[in-house]
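Below you will find one chain, with nothing else, as structure tokens; this is the form predicted on its own, and questions on how it binds or moves follow later.
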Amino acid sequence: MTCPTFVPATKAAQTMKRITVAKGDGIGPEIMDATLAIIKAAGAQLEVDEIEVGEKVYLSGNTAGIAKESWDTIRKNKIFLKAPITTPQGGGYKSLNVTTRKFLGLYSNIRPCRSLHPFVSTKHPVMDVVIVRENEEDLYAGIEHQQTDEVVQCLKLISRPGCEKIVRYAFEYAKQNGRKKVTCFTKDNIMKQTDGLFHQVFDEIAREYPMLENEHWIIDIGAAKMADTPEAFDVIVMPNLYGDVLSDVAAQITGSVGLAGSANIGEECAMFEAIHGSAPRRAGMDMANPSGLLQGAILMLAHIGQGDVAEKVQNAWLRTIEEGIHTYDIFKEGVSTKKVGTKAFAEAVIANLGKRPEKLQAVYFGGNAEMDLPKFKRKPARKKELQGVDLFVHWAGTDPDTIGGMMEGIAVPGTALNMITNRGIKVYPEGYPETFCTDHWRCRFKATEGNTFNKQHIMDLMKQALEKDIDVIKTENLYAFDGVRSYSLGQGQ
């Protein structure tokens, strides 16, 4: 296994940092106690404010799972170390993880995935990948509507600020942590506007980091390559949905999701956690592996400028793993030497503080420098030109020529029907009878030659549709920015 050697930064005097801690549910209190014991023994300069979140709060009638006073504590301290919680099923209970990420603007999710071969079983002994996932937007904006009897939609929102913040974080993370390459995964061969913007911003920011390699992969073949040959990658940055899926894939193929921690980073606040659940069946049994939460705490220490402590803890943990002192979830006869519980595992890590692994590659966190991330600066507005409108129509018929005639009939002076699509595929004019159509039709109107499209045209089209009892369920304006068309064509157009 290879691991980059980090150049130590100039060490600044450490100051005591006040953090917020939630012990969570199930195995949460046990693994949090173990984690705090380890990092404090390593010299972490921390003061802790504990809050109650999760199942007890939910069942008290708070559907958010967190009280206002707890929010105030998190926002005051800025740093939140959270154990897994249990979200009761049904009853309209909201995911506290999603809520926290959005309320606090935690735009970046960081998931290091490193093989511990041969001490933890894996098919990928040389894997050392960091997944950087955008955390706030994409399809996870959660904006969905049922529009017709047969069609629902989910809006995929990608913003330039969102792209710039996450991509820059990926490059800064790679630079500070001695990484060599940053890879971008998108599907911009299909989603040319949304994923296209993400790819465009990646290329723009990559030029500011000539010391780092950069590359782009289409998500499907990139995911296949990562699952087959993860050693080909170093840091991978991607939009929210792809990152959610592939960060779990990456953690699993390293050997165990239960060993992975993650960081959720914002401009003001940050949250650190294990990626596994609360495992209520194991609660109170002194069996749980605290490694996932410990990995989250290590990321926290590096984030708050206590990189030397993070380095000491990580190397002690690696030494413990290679000594074969394992909890039940990774214990394997012939590899492991001793099966231990939560408390004994923490004690073994504490006993190894100051030691480095002998077979696994030691890590170096580069001293105590905090990452310096510039805030997003809005660019000057571009020239915006209205070029047409898409009217989305609920119509239960199946013949494109029939609805084509209907929509041709509502065109107002200066406009013409440009095309009709069904589920994105052009069906009028000159569609194919083999194309299956639902009851959801996109009807595009644009200006006729020599005319300029304006919003009065949209009002007039809508009036004509209303008078002819055409059920328009949605409109989308079609714009060009600085003369560049900024909307998709119909498939087949």
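No experiment lies behind these values; they were computed from the predicted model shown. Residue numbers here begin at 1 and follow the sequence given.
This protein has a second form, the form predicted together with nicotinamide-adenine-dinucleotide (NAD), left out of what is shown; the following refers to that one.
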### Query
Given that nicotinamide-adenine-dinucleotide (NAD) is left out here, which of I27, V427, C443, I39 has a heavy atom within 4.5 Å of it in the predicted complex?
I27
### Task
Find the only residue in K76, R207, R281, K383 having a heavy atom within 4.5 Å of nicotinamide-adenine-dinucleotide (NAD) in the predicted complex.
R281
### Message
Does any part of P84 reach within 4.5 Å of nicotinamide-adenine-dinucleotide (NAD) in the predicted complex? Heavy atoms only, please.
### Response
yes
### Query
Wondering, does E273 line up within 4.5 Å of nicotinamide-adenine-dinucleotide (NAD) in the predicted complex on heavy atoms?
yes
#### Entry: is_contact(D220, nicotinamide-adenine-dinucleotide (NAD)) in the predicted complex, heavy atom dist at most 4.5 Å
no
### Task
Check whether D329 has any heavy atom within 4.5 Å of a heavy atom of nicotinamide-adenine-dinucleotide (NAD) in the predicted complex, and answer yes or no.
yes
### Task
Kindly indicate whether N97, G277 and N289 are, all three, within 4.5 angstroms of nicotinamide-adenine-dinucleotide (NAD) in the predicted complex, using heavy atoms.
yes
### Task
From the candidate stretches 409-417, 144-152, 281-289, 185-193, select the single one in contact with nicotinamide-adenine-dinucleotide (NAD) in the predicted complex, where contact means a heavy atom within 4.5 Å.
281-289
